[in-house]
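Just the one chain here, the form predicted on its own, laid out as structure tokens.
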């Protein structure tokens, strides 16, 4: 039986960490080779919270991705903005990213008092700039995302024209909540479709599977899979690929983050094939995001083929998700026109 080919039109990663400096140079090409574009997270050591910072960071990303065709869709780190700042930035950003203070990597400058964010959120609604949210409270780690649903409810009902993205949802409750408001979309990661907390800490602790939000229960994973495989229009792929060097992973105070960029599309193809819905993968990794964000990404066709390969143990100083595993799909080619 001949091997199958799978073609994806302008695949997009709607939640991506590319870091800075040498790490940016190392990891960015793995996303750029597979994707037509990605939504770039702004939680750098010095947050991307001005138009000047957006332009500076975008230029660094474009240089790191060359010669691949890849559009970095930039975000601003949420703070109190005045209207003039957002008007000036609107055409150069895809949205504003809100982090609760201290809830994840380099989010110390995030929101501490949600009663004080209304003026800026109202401007986002007026200017039709999407609000991207890391939706966790500071409560018990397994309950944080479900507790944050009250904030999403307040946002959706107080600002009914605001487009909101629930980033990297992990729970059955979040899946159910998504159906309540047409203005809310959500991203789902590869790793939350594959692992549970038992994989992280059920035996010896596996630091490379530690992430925020933390992986949840088998019931939650089942709910995520059922939702994604059903193909609803407001669920989008966002890898939350977040690399850390070995000294940040194998240490006291292990950093949260999973580096999944090199395996994103091949592993997703295997998952969707196993579920018998390979034809819905294109919607998850491209069409849904284009529709919700009103994007026209580069016309880049990525071809996957049934070709067995082993994921390397390391890419430079970074251990990838599924390191050492064998995947049956691989990226064969990317082109700007249909072959």
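Predicted, not measured: the structure shown is a model, and the values here were computed from it. Positions refer to the first chain, counted from 1.
Beyond the structure shown, there is the form predicted together with a small molecule, which is absent from this document and is the topic of what follows.
- Shown alone here, residue 145 lies farther than 4.5 Å from the small molecule in the predicted bound form, counting heavy atoms only.
- Although the partner is absent here, residue 95 sits far enough away that none of its heavy atoms falls within 4.5 Å of the small molecule in the predicted bound form.
- The small molecule in the predicted bound form is not approached by residue 288, whose heavy atoms all lie more than 4.5 angstroms from it.
- Using a 4.5 Å cutoff between non-hydrogen atoms, residue 235 does not count as a contact of the small molecule in the predicted bound form.
- The contact residue chosen from 256, 149, 201, 178 relative to the small molecule in the predicted bound form is 256, the criterion being a non-hydrogen atom within 4.5 angstroms.
- Taking a 4.5 Å heavy atom cutoff to the small molecule in the predicted bound form, the contact residue among 188, 124, 242, 263 is 242.
- Exactly one of the stretches 178-186, 265-273, 102-110, 79-87 approaches the small molecule in the predicted bound form with heavy atoms within 4.5 Å, and it is 102-110.
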